[in-house]
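One chain is shown next in structure tokens, namely the form predicted on its own.
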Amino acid sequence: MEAIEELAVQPCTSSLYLRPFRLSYRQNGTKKFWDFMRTHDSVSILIFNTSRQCFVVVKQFRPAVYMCEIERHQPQVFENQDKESLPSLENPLPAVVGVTYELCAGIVDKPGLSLEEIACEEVLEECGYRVSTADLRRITSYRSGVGVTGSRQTLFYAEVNDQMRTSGGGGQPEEGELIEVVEIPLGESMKFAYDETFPKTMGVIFSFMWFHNNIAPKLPKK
């Protein structure tokens, strides 16, 4: 996962996932504009393994996170953005600075499938557990990237056990996915959520808090 090499930054003129726009508008008499991206909505799933009392999350390299760290250490990389080619990364940072812990998730890009069906597919592909739509509990939906994309993410909860695991997960290699499945013991989950040495999404923190408020009190006492 961390064997990153031959890095090159270049302008993005077209994309299957992002479309940049500029909105001009007048608000309370003041003329304004705002640049934004249109992208897909998404689903995410908080997975709890009842056999071993642990959360199942994923770990993967995120180029956007990596490049934020690059800019922080090497701001010249993003200077003169109008050029056809940007400076090469002569001394790249180790790839680990771009690795994050996240909930199992995926974009909503299959019009024939419901959100629940897409969530089930993601759980199987990324984490290796076969769940049905009946196994899912919808927690809530929210807007993410409100300053840039404003896309909607719908969060589900799924309980699994060891018997429901049919593969090692890891995503779809043919699509370039390289995902590591990670288990977070229930007793260590809140410490993990607030430990900044483990880069993670807000979805992980929020969902762990939701679990401790709504599910943990109903668990059998040991």
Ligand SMILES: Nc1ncnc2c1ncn2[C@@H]1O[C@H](COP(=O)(O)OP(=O)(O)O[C@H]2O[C@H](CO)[C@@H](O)[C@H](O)[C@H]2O)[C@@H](O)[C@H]1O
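Here the structure is a predicted model, which is why all the values come from computation and not from measurement. Heads up: residue numbers just count along the shown sequence, starting at 1.
Omitted from view is the form predicted in complex with the named molecule, to which the following refers.
Participant: Following C-alpha superposition of the binding-site region, is the pocket for the named molecule, modelled as it is in the model of the complex, open or blocked, where blocked requires 3 or more ligand atoms within 2.4 Å of any backbone or C-beta atom?
Facilitator: Transferred pose: open.
Participant: Though only this chain appears here, would Asp135 touch the named molecule in the model of the complex if you measure heavy atom gaps against 4.5 Å?
Facilitator: No, Asp135 sits far enough from the named molecule in the model of the complex that none of its heavy atoms falls within 4.5 Å.
Participant: Does any heavy atom of Arg62 come within 4.5 Å of a heavy atom of the named molecule in the model of the complex?
Facilitator: Contact check for Arg62: yes, within 4.5 Å of the named molecule in the model of the complex.
Participant: Is Glu102 part of the interface with the named molecule in the model of the complex - any heavy atom within 4.5 Å?
Facilitator: Residue-level check for Glu102: yes, a contact with the named molecule.
Participant: Applying a 4.5 Å heavy atom distance criterion, does Gln153 contact the named molecule in the model of the complex?
Facilitator: Gln153 belongs to the contact set for the named molecule.
Participant: Pick from Ile107, Ala95, Val77, Leu113: which has a non-hydrogen atom within 4.5 Å of the named molecule in the model of the complex?
Facilitator: Of Ile107, Ala95, Val77, Leu113, the residue with a heavy atom within 4.5 Å of the named molecule in the model of the complex is Ile107.
Participant: Check each residue of 150 to 180 against the named molecule in the model of the complex and list those with a heavy atom within 4.5 Å, in sequence order.
Facilitator: Contacts from 150 to 180: Gln153, Glu175, Glu177.
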